[in-house]
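Next up: just one chain, as structure tokens, the form predicted alone.
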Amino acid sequence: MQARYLTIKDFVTDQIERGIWEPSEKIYSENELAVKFSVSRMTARKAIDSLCSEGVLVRSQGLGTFVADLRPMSSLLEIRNIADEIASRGHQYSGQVIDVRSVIPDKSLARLLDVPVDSAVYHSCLVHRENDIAVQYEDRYINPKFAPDYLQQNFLDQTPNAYLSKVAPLTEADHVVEAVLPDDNIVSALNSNFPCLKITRRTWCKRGIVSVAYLYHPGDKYRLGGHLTF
């Protein structure tokens, strides 16, 4: 017998696929789902949490849960190698490698990278500096299938972005920008306890999903922007 939270997941997914709930439309609350399916609110929340982690739904605190807009958003922000971006301003780039190793992903990360849960993926963590000021904390996970020699690279000579662009050229990307309070490790690495602009970015090459990166920018030292032509 199918777990009850999976029944709720199937219902929500079906509503979206049939166009009954459209992108950015608010869905039933956890209480409403619990009543509709005669389950506890915790069971309904488990279903919603799972769909949020898969990117199907998004929560807005105080407003409710909405159907995610899955249309690519990359046109709003240019994806550039941060070292090139800093150099284009006439400034000096430098990097600090905190961690490069193989890890076992949890279910959510494995789903994002489209790899089996029990298979190893590569992880790197770096701090990028502009004129010796930390402007980005990069926490990245890579599918080894598309960058098998990733762990052997010297990321003081080239950034992960630059390396991946060579071995698995970018064909597609999606990203989400949000304001977050950084944890102690990020506060220490960025030398800033200001709220951060966090970019969650997933990139593809022609053969599949290459990486998932979590990029933190200190709000007092960095801005995001771009130019749109209509």
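Residue numbers here begin at 1 and follow the sequence given. None of the values given here were measured: they were computed from a predicted structure. Rigid core here is just the name for the largest C-alpha set that superposes within 1.5 Å across the two forms.
Below: the form predicted in complex with the DNA, not depicted.
Residues of just one listed stretch (162-170, 22-30, 177-185, 197-205) have heavy atoms within 4.5 Å of the DNA in the model of the complex: 22-30.
Taking non-hydrogen atoms only, Gly64 approaches the DNA to within 4.5 angstroms in the model of the complex. Within 4.5 Å of any heavy atom of the DNA in the model of the complex lies no heavy atom of Lys36. Although the partner is absent here, Ser50 sits far enough away that none of its heavy atoms falls within 4.5 Å of the DNA in the model of the complex.
Remark: Thr43 counts among the residues lining the DNA in the model of the complex, judged by a heavy atom distance of 4.5 Å or less. In a rigid-core overlay of the protein, Ser29 has its C-alpha displaced by at least 2 Å between this form and the one not shown. Superposed on the core, the two forms barely differ at Thr200: its CA moves less than 2 Å between this form and the one not shown. Between Arg59 and Asp114, the Cα spacing is smaller in the model of the complex than in the shown form, differing by no less than 3 Å.
Expansion of the Leu63-Phe194 CA spacing by 3 Å or more is recorded in the model of the complex, set against this form.
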